[in-house]
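Two versions of one and the same chain are coming, encoded as structure tokens; call them structure 1 and structure 2.
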Structure 1
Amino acid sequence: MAIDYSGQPLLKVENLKQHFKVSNTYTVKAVEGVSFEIYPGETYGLVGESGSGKSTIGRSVIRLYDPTSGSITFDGTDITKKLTRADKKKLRTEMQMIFQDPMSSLNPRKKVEDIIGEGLDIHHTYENRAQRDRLIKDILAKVGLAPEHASRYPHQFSGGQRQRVGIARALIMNPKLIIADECISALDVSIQAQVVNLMKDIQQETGAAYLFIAHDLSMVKYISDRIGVLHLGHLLETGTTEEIFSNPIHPYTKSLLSAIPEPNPIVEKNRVAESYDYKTSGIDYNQGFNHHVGGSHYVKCTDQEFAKWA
């Protein structure tokens, strides 16, 4: 499906800041002025090291947090302002999040069928019980779980099975935007592939857009149309998957790409990964601003850095 980049973006995040005040002397600046857009039917991959602010961006977008500053527009509605009832309902059905930590996001006292059916129940999107059960069975099958799994509780699953419950819960609502936070990282490669293929199929069918948060670049490469590279709360580089993989500009992006491990024991045991240390790099992210590399490829840096790297 071709994505129409000339139309309205489905999600527009502008200069988002999200700070957490932990104590009087310690504030974590988790997100520091991040802007990006996602178009209908598009998959935007957000990558970056642990603690760089990926989940926080996802949680801000779905409004689990009140942003410190900046604005978020979803489907034409500014969702950073006070939400009306109708806005809230729209947000809860049309935007879904698959959480990183499946165990803590699934109610341990509920059977899986009721966890998955919760959204349907709240918004009464079925005619009768039989239809509800069918919807649940269908989605279970799609994520590779068996019908008898419906009556189990979350702790009675393996880690990967539990992660698929979270995926099923989001997909069943047919949302316009799915924020998938590390949704395949606990899965083995074959099931990762199955879920990624499934997400692609659903996108073909329904035109859903994805904000795909991950640290595994090889999977991100497969699923994403465009990629954003995040470090210490700054979006350092963004572009199409092709642009980022074939022509990475920022040294941080380069270090991320250099370190992808392969299933090759002798090579891996001899490999020394390229390292990147912000503190000694001489780079100050706060001084940088977006430079256009070409196409949809941008990198955040100073003029001197841009002249040096590009």
Structure 2
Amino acid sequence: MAIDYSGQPLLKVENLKQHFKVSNTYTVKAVEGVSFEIYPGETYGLVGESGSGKSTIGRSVIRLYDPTSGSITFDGTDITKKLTRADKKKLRTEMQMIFQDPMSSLNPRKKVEDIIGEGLDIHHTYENRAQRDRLIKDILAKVGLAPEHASRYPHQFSGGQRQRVGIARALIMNPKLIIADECISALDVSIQAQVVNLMKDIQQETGAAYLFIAHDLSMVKYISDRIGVLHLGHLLETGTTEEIFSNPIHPYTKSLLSAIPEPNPIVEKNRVAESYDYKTSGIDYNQGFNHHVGGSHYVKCTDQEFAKWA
């Protein structure tokens, strides 16, 4: 599906900061001044090592966390401020999240039909019980599950099937944006491919946009239109998938890409992974600002660092 980058973005995040006060003397700065945009029908991949702030950004965007500062605009509505009842309804129906662990995010005491239909019940989006049951069975079929699965409990499913239930719970509200928070990292490789292909098929059918959070670069390359590279709460580099993989600028991005295993054993034998240590790199993320490389490619660094790398 062709993406129109000339129109208004569906999601616009500007200078987002998310700090957590641990004590009177110590504050964790999980996200520091992150900005990016997601357009209708687009998949924006957010990559980085564990602890870089990826999941925190996803939870801030969907307002599970109240942002420390910055602005988040979703479909023309500023959702950073205190939300009105209408804003909450818009946010809770048009933006959904698929969580990382399908077991802990599903209520073990509820049947699948009640887990999936909870959003319908809260927002009263059906006329009668028969319509509710039909919507649930239709969405189960869309994610590759049988209608009889509706009466089962989460522990009766495999990991891949539980993740499909999580996807169905998000899709039944017909959202414009889905935040997929490492939704395939706990699954076997073959099941990962099935789930990602399912998400791509659903996107083609519904036109939903994805914020795809992951640390598997190969999977991000496969599903994403644009990619943002995150480290220590800073968005270091962002651009199209082709730009990031063919012309990485930042040393951290280069180190991530060099760590991807090669399927060819001869090439893999000679592959050398580049090392990167922020403490010894001499780079100060707080001093950097965006440099436009070309197209939609941006790198956060100082003028001197950019001149040295580019």
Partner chain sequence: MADVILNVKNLDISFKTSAGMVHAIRGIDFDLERGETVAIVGESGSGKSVTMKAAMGILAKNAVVNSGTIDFTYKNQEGVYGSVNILDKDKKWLRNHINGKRISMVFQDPMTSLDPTMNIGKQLVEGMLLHTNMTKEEARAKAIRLLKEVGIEDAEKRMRQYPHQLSGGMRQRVVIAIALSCDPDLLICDEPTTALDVTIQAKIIELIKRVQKERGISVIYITHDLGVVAKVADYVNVMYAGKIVEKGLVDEVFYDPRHPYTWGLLSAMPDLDTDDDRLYTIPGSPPNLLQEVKGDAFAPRNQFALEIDDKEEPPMFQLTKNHFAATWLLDERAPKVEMPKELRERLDRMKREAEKYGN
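Here, a residue number simply tells you its place in the sequence of structure 1, counted from 1. We call the rigid core whatever largest set of C-alpha positions still superposes within 1.5 Å between the two forms. Note that the structure is a prediction, hence the values are computed from the model and not measured.
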### Task
Please state whether structure 1 or structure 2 is the form predicted in complex with its partner chain.
1
### Message
How about Gln156 - superposed on the rigid core, does its CA move between structure 1 and structure 2 by 2 Å or more?
### Response
yes
### Query
Honestly, after the rigid core fit, is Leu236 moving at least 2 Å at Cα between structure 1 and structure 2?
no
#### Entry: C-alpha of Thr73 off by 2 Å or more between structure 1 and structure 2 on rigid core
no
### Task
Having superposed the rigid core, state how many Å the Cα of Asp101 shifts between structure 1 and structure 2.
3.0
